[in-house]
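The chain below stands alone, shown as structure tokens; this is the form predicted on its own.
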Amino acid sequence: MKKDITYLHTKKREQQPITVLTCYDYPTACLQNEAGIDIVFVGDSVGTNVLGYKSEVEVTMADMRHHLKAVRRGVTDAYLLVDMPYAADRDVKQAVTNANLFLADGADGVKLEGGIEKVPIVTALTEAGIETCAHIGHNPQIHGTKAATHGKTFAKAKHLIKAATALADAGAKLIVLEKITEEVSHIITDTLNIPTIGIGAGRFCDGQVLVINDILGIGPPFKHAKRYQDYNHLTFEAICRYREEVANGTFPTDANTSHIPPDKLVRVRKWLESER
């Protein structure tokens, strides 16, 4: 069954946690789709996690479209969400144009970063029939890679709650809460009719999102994430074993090779003799 925005909203009403993971390639998309992940998310974190960029602000529309198309080929059931990269939603016209490009590439919805200042953009996308996910708290495109926790003071908590409400009222269908204190995230989740997706925002959001690299153990650990695999160690070990076996001649073996039938080989050798 193809998961749509109605399915996700129903999960919130029925208090069923929503599962979200970032994804950047076809093989991983196939695995996430088969595993039953609700939202497969092509995040602009592809820049630092896959492309070797120093920050998310280097990611372009071309980068995002390339990876979105790859992921789309592996997704049949999950809701497919994609990030609007840095400056792709600078004004209403540009945001609608770029979001429509993503929809044409197979996305179900787009995500954008920012607070109350993004209300006109969310309104325009909604009026254009484009499902939009807001994103408040820590915004990598705005705050950089050094993440700080948001919502620790009365003023900042109030600002986050008002921003979340304004974005939902503008038509956002989902909202990501990143690096926000658990108590404020809980209040926002209880206040809004749309699902909240937390990352480093505590236990009371309607869903959770993590970066696929972080759960696999690719790169450094983070407090907000949990490692479910040790990809770095296991992959390095495999590469070293391969290098050693090629170097010492134990790979490939006969089991890794194919053979021409003996009678055909005789003909080849006779032909080579005749050519000399």
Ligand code: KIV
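None of the values given here were measured: they were computed from a predicted structure. Numbering starts at 1 and runs along the sequence shown.
There is another form of the same protein, the form predicted together with ligand KIV; it is not shown, and what comes next is about it.
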Although ligand KIV is absent from this view, report whether residue 45 comes within 4.5 Å of it in the model of the complex, heavy atoms only. yes
Against ligand KIV in the model of the complex, would residue 150 count as a contact residue? Criterion: heavy atoms within 4.5 Å. no
In the model of the complex, does residue 175 have a heavy atom within 4.5 Å of ligand KIV? no
Would you please decide whether residue 118 lies within 4.5 angstroms of ligand KIV in the model of the complex, comparing each non-hydrogen atom pair? no
Of 29, 59, 211, 37, the one that lies within 4.5 Å of ligand KIV in the model of the complex (heavy atoms): 211
Tell me whether 3, 79 and 132, taken together, all sit within 4.5 Å of ligand KIV in the model of the complex, counting heavy atoms only. no
Pick from 233 to 241, 203 to 211, 247 to 255, 66 to 74: which stretch has non-hydrogen atoms within 4.5 Å of ligand KIV in the model of the complex? 203 to 211
Is any part of 80 to 103 within 4.5 angstroms of ligand KIV in the model of the complex by a non-hydrogen atom, and which residues would that be? 83
